[in-house]
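Next comes just one chain, in structure tokens: the form predicted on its own.
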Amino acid sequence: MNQFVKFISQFISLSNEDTIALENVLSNKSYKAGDKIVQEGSICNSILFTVSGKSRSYFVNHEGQEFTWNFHFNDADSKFENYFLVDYYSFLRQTPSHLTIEALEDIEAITLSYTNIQKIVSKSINLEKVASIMSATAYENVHKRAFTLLTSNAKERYLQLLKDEPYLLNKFQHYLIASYLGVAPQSLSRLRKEISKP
């Protein structure tokens, strides 16, 4: 079974007909490390499911500073939002993206285009439910991430990372973790020393 279909099947039972319809509109895509999978200002026309490799989504603020919005990978630690390479707002609204998605390693992905998802959800209640679950989960994740950035200080964000996503520290470089927390690399180093003190 296709990895994307297998993943979706964890959330909703698909009939053979639904499975075939979904598999027929999926395609494989490869990217090299350094490739921009989605570029800020372009419309995100596809959802990509990570099969292998690591990437990140990030935005640049008005002062030119980069902030990592999310990390994307597929392994035992992955949460829902880690699997998918997509700016959901751009995808759903078909408007220019505020995010850039960059391959940190060579990426293998399964892609589902906006046009094809519209076709299949119009013909299947179950596939419409799949799209609804993905949209709802994406909204929850965006809300949680934005709320954390707006209401927590740097130390609180770091402690939350240690609690919820400690594995990120071993998967991604120091400066990327710093940009995920919204701090300078030097500030992250100070935080780590402060918190590691007995």
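From 1 onward, residues are counted along the sequence shown. In this text, rigid core is short for the largest set of C-alphas that superpose within 1.5 Å between two forms. Values in this document were obtained by computation on a predicted structure and should not be read as measured data.
Below: the form predicted together with a further copy of the same chain, not depicted.
Asker: Does the trio D87, E128 and L149 actually contact a further copy of the same chain in the predicted bound form, every residue with a heavy atom within 4.5 Å?
Answerer: Each of the three qualifies.
Asker: When the contact criterion is heavy atoms within 4.5 Å, does W69 count as touching a further copy of the same chain in the predicted bound form?
Answerer: W69: yes, in contact with a further copy of the same chain in the predicted bound form.
Asker: Under a 4.5 Å heavy atom criterion, is T137 part of the interface with a further copy of the same chain in the predicted bound form?
Answerer: Contact with a further copy of the same chain, yes.
Asker: Considering only heavy atoms, tell me if N61 and a further copy of the same chain come within 4.5 Å of each other in the predicted bound form.
Answerer: Contact check for N61: yes, within 4.5 Å of a further copy of the same chain in the predicted bound form.
Asker: Test of understanding: in the predicted bound form, would K123 fall inside 4.5 Å of a further copy of the same chain by heavy atoms?
Answerer: No, K123 stays farther than 4.5 Å from a further copy of the same chain in the predicted bound form.
Asker: Identify which of A154, V142, L168, V51 has a heavy atom within 4.5 Å of a further copy of the same chain in the predicted bound form; exactly one of them does.
Answerer: Filtering the options by heavy-atom distance leaves V142.
Asker: Thinking of a further copy of the same chain in the predicted bound form, which stretch from 24 to 32, 41 to 49, 168 to 176, 61 to 69 has heavy atoms inside 4.5 Å of it?
Answerer: Heavy-atom contact with the partner occurs in 61 to 69.
Asker: By the 2 angstroms cut-off, has the C-alpha of K163 moved between this form and the one not shown once the rigid core is superposed?
Answerer: No, K163 moves less than 2 Å.
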